[in-house]
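Heads up, the chain below is alone and in the form predicted on its own; it's given as structure tokens.
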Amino acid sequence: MAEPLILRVREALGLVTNPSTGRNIIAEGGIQGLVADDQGHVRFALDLPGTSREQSESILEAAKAAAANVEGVASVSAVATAHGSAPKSPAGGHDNPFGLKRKKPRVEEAAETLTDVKCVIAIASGKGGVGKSTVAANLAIALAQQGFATGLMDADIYGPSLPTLFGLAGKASMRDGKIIPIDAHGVRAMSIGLLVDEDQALAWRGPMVMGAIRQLISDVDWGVLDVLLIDTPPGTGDAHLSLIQTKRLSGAVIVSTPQEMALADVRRGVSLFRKTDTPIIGVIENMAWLENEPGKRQYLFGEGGAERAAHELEAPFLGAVPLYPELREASDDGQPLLSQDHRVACVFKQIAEKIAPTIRKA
């Protein structure tokens, strides 16, 4: 299967070197907001603080040429967003969207603040609408119930769902310049939805999204954790690349529904993580079937598709989560079923047990 265009463009950009450091611009995190649409139009921003205007322009031209030479690219639109020494970000600036009054580190440096977090796992999906956030929330509770000190970070900047799933009201508090995660259902939870107004539309570009993720990592007092689950947004965009660049991911769990439309995106997600040497812990099939009567299953979205895809990709299959109407109702009510006595608890417990070895060896 041919690699997605965006991955081929990233590979080409990885051959462009910053003469000031001797490192390639992908490894430095210098490419932000990379987008490649179905018509082959590629857009990105080059952000290399510390380089002169002349250096940035020279590197930008090399990057544009490298991207333009990739088969399938119809056009390249790119700008350099940083020239000269890195400026201090003003409160509320692009690299400081929460308004904390201090200079933000780059994402690699931000991850160094997670010194007491043993294991970091991305919960990802190639497309939206597969119930990934619901799975992430209940899986976090299942791990906590097994005795792991667990955190859950909602990295979906545009559509944060954690406040609804966990029934969290109000805003996060601050202490000694750090954001304090909210303890809920045995899990330390944090989301941008706890930092901005509920009805606020976040029309942020790529650099601001990456800045927000840096702050969710380094400006939150996560404390001592056995595992931090990161509920990523759908797709393979800025958030995923930022997390990969932290070099702290212990692995990724892919969530999908059984139908082929979702499975095609699963394959892309697996390809992205493997290409960046992030281990695939396994695949979870969500909404696998509807059981109207005990023992009678109705396969609304096809049968066993995610399991077959996992085998094809030589990735572990972690389990199937049935479509429980009560799970949807509990999620809307902010009372996850894992915090109640429900049969779905057994499903997530079994999946958590398969993830546990990754946490223990981290």
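These numbers come from a predicted model, not from an experiment. The numbering used is simple: start at 1 and walk along the sequence shown.
Form predicted together with adenosine-5'-diphosphate (ADP): not shown, discussed below.
**Q** Only one of 133-141, 185-193, 274-282, 242-250 gets a heavy atom within 4.5 Å of adenosine-5'-diphosphate (ADP) in the predicted complex; which is it?
**A** Stretch 133-141 is the one.
**Q** Please pick, from Leu60, Leu34, Val321, Leu318, the one residue with any non-hydrogen atom lying within 4.5 angstroms of adenosine-5'-diphosphate (ADP) in the predicted complex.
**A** None of the others qualify; the residue that does is Val321.
**Q** If the cut-off is 4.5 angstroms on heavy atoms, which of these, Gly170, Gly129, Gly147, Gly177, is the one near adenosine-5'-diphosphate (ADP) in the predicted complex?
**A** Contact residue from the list: Gly129.
**Q** I'd like to know if Asn286 sits close to adenosine-5'-diphosphate (ADP) in the predicted complex, meaning any non-hydrogen atom pair within 4.5 angstroms.
**A** Yes, Asn286 lies within 4.5 Å of adenosine-5'-diphosphate (ADP) in the predicted complex.
**Q** If you check in the predicted complex, is Ser56 within 4.5 Å of adenosine-5'-diphosphate (ADP), heavy atoms only?
**A** No, no contact at 4.5 Å.
**Q** How about Thr51 - does it come within 4.5 Å of adenosine-5'-diphosphate (ADP) in the predicted complex, if we only consider non-hydrogen atoms?
**A** Output for Thr51 is no: heavy atoms all beyond 4.5 Å of adenosine-5'-diphosphate (ADP).
**Q** How about Ala309: is it within 4.5 Å of adenosine-5'-diphosphate (ADP) in the predicted complex, going by heavy atoms?
**A** Contact check for Ala309: no, nothing within 4.5 Å of adenosine-5'-diphosphate (ADP) in the predicted complex.
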